[in-house]
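Only one chain is shown below, in structure tokens, and it's the form predicted alone.
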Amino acid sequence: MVSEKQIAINAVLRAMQLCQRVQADMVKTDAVEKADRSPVTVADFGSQALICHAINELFEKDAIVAEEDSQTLQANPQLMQGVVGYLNSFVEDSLSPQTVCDWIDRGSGEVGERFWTLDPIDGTKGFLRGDQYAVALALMLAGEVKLGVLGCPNLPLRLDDPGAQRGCLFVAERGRGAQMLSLDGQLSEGIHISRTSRRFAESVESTHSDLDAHAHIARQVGIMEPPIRMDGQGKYGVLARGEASVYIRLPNPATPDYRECIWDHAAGLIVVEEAGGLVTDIDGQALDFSRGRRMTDNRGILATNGELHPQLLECIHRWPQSSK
């Protein structure tokens, strides 16, 4: 029987290929606005459909908790036509709109003892800019991330090498370490955090994070270099492979009650932890993926090489806006 790891890798790779094709073809009409005003594209729905179908084919009893559902798609015939068209070119079949919606809505499962969580495109605004985004899939068991696959189609294999090949896959299994794979299959190497790197990573968008606080706190621990800013969970990847020492996400003061979605962090968390790093919330508590689609008992995110974690938690605690 094919392993969970291989099924997840294959599914994410297929979704990445679809996303790359859509991004290459993309025009402005491919994006619409959801109720929360975040953009959603043909690629979000197509990616979710492919991955949910692949998981459901072999693990029929497993719930999938994913970001999208078909409601927006059904209300937009032009978008529906685009999604169906791209999927048909991938599966070499003639899928009906109803079948596509059924595949997407397999991601409407509930958090339980065992389930998968999926962000079909994490960093949609980066995707729309032609920049960084990720396809993130994780398997959860008894509230713990067991397996994570993080696909980053536009991320160079080395940030400090302008000519480096773009596109990589981060894979981690609990207790078995973390790996980075190139999309052409030529590279597969174990990755580890760095104890000497002094650089931090953060989101491009400031909607749900406090970029000014990040800069202040970074200076407090002697991190003076400009931050690595990118959309999506690729930030976890660059931390895990030693190019950053910190990924920090403090709640934006304008939205202090915001709580993170589980699919935005599950795959990235296990990649960092299996590479030797540490991930908590900004209060130093373990991330709790068992409470539902959002981590209601956690505030913000702090991922580090481990060594800097206590000092950063102390700096965050002293930062006035981080108080509860």
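From 1 onward, residues are counted along the sequence shown. All of these numbers come straight from a predicted model, not from anything done at the bench.
Not pictured, yet referred to below: the form predicted in complex with a small molecule.
- The three marked residues, Gly123, Thr207 and Asp231, each reach the small molecule in the model of the complex, with a heavy atom inside 4.5 Å.
- With a 4.5 Å cutoff on heavy atoms, Arg249 counts as touching the small molecule in the model of the complex.
- Proximity of Thr296 to the small molecule in the model of the complex: non-hydrogen atoms within 4.5 Å are absent; the residue sits far from the partner.
- Residue contact check for Thr255: one or more of its heavy atoms lie within 4.5 Å of the small molecule in the model of the complex.
- Interface residue remark: Ser203 is counted as part of the site for the small molecule in the model of the complex, having a heavy atom within 4.5 Å.
- Partner contacts here mean any heavy atom within 4.5 Å of the small molecule in the model of the complex, and among 169-177, 68-76, 232-240, 90-98 they occur only in 232-240.
- This chain is displayed alone, yet in the model of the complex one of Asp62, Asp264, Glu273, Asp281 has a heavy atom within 4.5 Å of the small molecule; that residue is Asp264.
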